[in-house]
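Below sits a lone chain in structure tokens, taken as the form predicted on its own.
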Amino acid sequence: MHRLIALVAGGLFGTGLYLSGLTDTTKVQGWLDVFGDWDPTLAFVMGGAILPMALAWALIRARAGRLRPLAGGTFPAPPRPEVDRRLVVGSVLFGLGWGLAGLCPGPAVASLSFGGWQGVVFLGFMVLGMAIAPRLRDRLDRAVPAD
């Protein structure tokens, strides 16, 4: 049952990414080009994602211990509110990659079915980056302690 729920949720998420334009690299780059020919339409997509999640976190927090996920397990911990070096460095790298390629992880996976070889290449490099990021983070933490 969990796999069926994951399949339906993943399909729904991918469909939403496609319909919203997040799998269209030129639309994403237009959204990120705030000093040029800016396309603000993706702001509605971002708001449509942030608002329900903020409400869900508030509901979970208000009913702590009394709500359980329908598919079992536990709810993930809410994100930490602190802005630290890891968040800033990660956000900058994510934004640079998103701006250069026009894709982030979710839309990259969603575009595999129609993105051609470029989507496969992007996904390969994204997986490589995810594999080496912990090692780079450890080196950065040793070289420049966060405290």
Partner chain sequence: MESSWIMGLVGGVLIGTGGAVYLLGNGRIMGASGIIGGLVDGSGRDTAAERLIFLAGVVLMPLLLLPFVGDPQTRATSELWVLAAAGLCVGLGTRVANGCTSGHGVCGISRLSLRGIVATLFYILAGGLTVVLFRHILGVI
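Positions refer to the first chain, counted from 1. Heads up, when I say rigid core I mean the largest set of C-alphas that superpose within 1.5 Å between the two forms. No experiment lies behind these values; they were computed from the predicted model shown.
Not on display, but discussed next: the form predicted in complex with the partner chain.
In the model of the complex, the partner chain lies farther than 4.5 Å from every heavy atom of Ala143. Not displayed here, the partner chain is kept clear of Arg63 by more than 4.5 Å at the level of heavy atoms in the model of the complex.
Contact residues in stretch 2 to 29 (any heavy atom within 4.5 Å of the partner chain, taken in the model of the complex) are His2, Arg3, Ile5, Ala6, Leu7, Val8, Ala9, Gly10, Gly11, Leu12, Phe13, Gly14, Thr15, Gly16, Leu17, Tyr18, Leu19, Ser20, Thr23, Asp24, Thr25, Thr26, Lys27, Gln29. Here Asp33 does not count as shifted, since its C-alpha moves by less than 2 Å between this form and the one not shown after the core is aligned. Once the rigid core is used as the reference frame, the Cα position of Val83 differs between this form and the one not shown by 2 Å or more.
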